[in-house]
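Structure 1 and structure 2, given next as structure tokens, are two forms of the same protein chain, each shown alone.
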Structure 1
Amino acid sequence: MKSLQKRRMPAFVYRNITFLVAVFLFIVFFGLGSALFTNFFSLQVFCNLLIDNSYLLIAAIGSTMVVIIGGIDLSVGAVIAFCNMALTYMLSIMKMPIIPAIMIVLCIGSLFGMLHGWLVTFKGFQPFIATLAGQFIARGACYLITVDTIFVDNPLIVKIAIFKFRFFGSFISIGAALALVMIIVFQIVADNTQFGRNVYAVGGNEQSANLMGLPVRRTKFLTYTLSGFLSAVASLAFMLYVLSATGTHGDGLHLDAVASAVIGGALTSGGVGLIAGTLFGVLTQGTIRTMITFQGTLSSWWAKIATAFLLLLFILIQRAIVTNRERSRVAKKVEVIDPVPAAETQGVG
């Protein structure tokens, strides 16, 4: 038994193995890019990863929480497109003040999340069906506003969009800074609040969470609501990034968000994942796209192929982890049953 215990990995590594793999993969890809391309290894290239993927990072936080609870949200890209369209229309066509327009958009995103949470939690819909319906509603609603492209002409929004936080000769945008703040805030929520602990408990084993008296329905409902809210926040970062709105924006973004959560270490079976891991999932995808840009001759679709291979790799890693944990549980049960005959054997000796 002592030899087995010595071979066991440290508790921190065991609990966070998927997160550590995500960090390792990002380092590998960023190091590979630095070795292959001149000027790739720089602080500004890293900052550009945050700038170019700020909206995806915010949306992926909500998707990560949904995956941890054992669900999926397919509406993320469409809700971002609709919120961006509504916000741009209110600012550029209706000439509404900025603060009321933003508050309305945040309420719209939250209402979409509440709809999904209500259908999944209280009406027994499968998350796939409920959020797919939300995707169709949001995407269709974009074209109810207008079928044309709207450009942001609000002077203050344009100034905010081009503003840069400068440090060490590099810079990040307000959208990137917002994404980093969201990562910190929701990592704290996941680690240090009762709601965060409930999310992990419900995702790990919903029946056990029910038996423990945890508010399972409320937790799932709030998780989907937060996903919708974060999609609306992501639409703010997206608007600052593109300064325009059209109904096709965000197409396929929900898949990138789920991929970021999985590559970042969230188990698709639920109960495991770190919000910080999502950061590295997004950065890894962004690094692959940046490497393709530096290379210059490859199609951007190679980034999708590379992401697919990463997803398959992480699914295999997850299956190995789950299998290992099941074996550990069986071994612990054997250890509990085994001492009695072992004691008898020692007594006879």
Structure 2
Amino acid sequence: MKSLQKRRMPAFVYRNITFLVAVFLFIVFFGLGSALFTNFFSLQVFCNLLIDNSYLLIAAIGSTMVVIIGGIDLSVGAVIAFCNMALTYMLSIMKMPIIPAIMIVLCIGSLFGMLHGWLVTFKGFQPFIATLAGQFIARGACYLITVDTIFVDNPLIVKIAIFKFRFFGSFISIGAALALVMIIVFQIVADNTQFGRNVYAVGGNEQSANLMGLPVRRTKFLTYTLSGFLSAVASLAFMLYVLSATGTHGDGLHLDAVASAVIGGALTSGGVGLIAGTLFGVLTQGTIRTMITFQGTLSSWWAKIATAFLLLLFILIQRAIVTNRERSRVAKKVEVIDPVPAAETQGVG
């Protein structure tokens, strides 16, 4: 659609600037890595980003939606660990068939999500404390199953885990493929379903959304439930990736998930966020981690510090943009058709 006024940049860029920044950032880091290390610039290295971070990608989708609605989910890593532990236990120790085990795990994740949703929506809990409690329950439950590390020995699972989708001389795993599918599905949901749009509306201004007649409570409850469900799906990808389960898995993952959403353009104040952007948030963090691995001598903890730093950087940039916008307040112009005839302005119409 043609713009009504001359803009400094095309409409597509203006409307999606945060997404483009996320893509740009990823390109910068990937380029940096390619420049610093040999063998970095390859399709397989890129595919490995998807493979190594498949579970984070899926979980970050849920975290993005929770951030858009104005909340936060601190339970992500713990729920993944617990679901992974439960699944591994059911498959390897209890020798359960695969499909029922997966169904159970998806229910577990959803139940966690529902608990959070219930506490936040109906009991007025602050999201952080509700999901922090959930984090502790999940972590504790994880250890309750076993304090040891257990391994997946189900031959079919192992086959799925090492399966490679080959193309152009590279490959990705099923977990990575699952992650990509999830991203596409949820981007479509966010853009084209009433539920998706309601999430944005409630996150933008809950009071207005209520007055506009939108189902605020249902939307909030569903969003948290979805985040729990996605954590469970993420645990499937996680299991395929590590083929083992231990209580310390996923520690600190909640920060990575939130950071991915924010780098991808989500505002912690709510109402803004892009799932496709989160993809690049994850890829950027993955690139940094890969660079650290390639470097060889840096401790892996630098990755966590880098993530925290990126998160801080993006939050500050967002704040600067918001403050700047509020100060300049140059509103967009509109065209008035059929200007008001002078005769109407006198007396009562």
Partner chain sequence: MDKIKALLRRKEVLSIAALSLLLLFNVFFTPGFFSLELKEGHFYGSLIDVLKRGAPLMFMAIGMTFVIATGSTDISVGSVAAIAGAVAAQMIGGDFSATAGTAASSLTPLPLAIGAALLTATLCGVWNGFLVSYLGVQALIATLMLQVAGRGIAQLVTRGNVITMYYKPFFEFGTGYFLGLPICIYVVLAVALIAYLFSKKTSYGLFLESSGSNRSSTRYAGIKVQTMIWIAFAISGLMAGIAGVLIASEVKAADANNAGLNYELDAILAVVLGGNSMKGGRFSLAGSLIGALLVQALTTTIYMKGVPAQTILVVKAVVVILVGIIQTTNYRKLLARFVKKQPSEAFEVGK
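Worth saying up front: this structure is predicted, and the values here are computed from it rather than measured. Basically, rigid core = biggest C-alpha set you can superpose within 1.5 Å across the two forms. Each residue is numbered by where it sits in the sequence of structure 1, with counting from 1.
**Q** Pick out the form predicted together with its partner chain: structure 1 or structure 2.
**A** Only structure 2 fits here, because that chain is the form predicted together with its partner chain.
**Q** Superposing on the rigid core, do we see a C-alpha displacement of 2 Å or more at Leu50 between structures 1 and 2?
**A** Where the cores coincide, Leu50 shows only a C-alpha shift between structures 1 and 2 that is less than 2 Å.
**Q** Is Ile305 one of the residues whose C-alpha moves 2 Å or more between structures 1 and 2 after the core fit?
**A** Yes: Ile305 shifts by at least 2 Å between structures 1 and 2.
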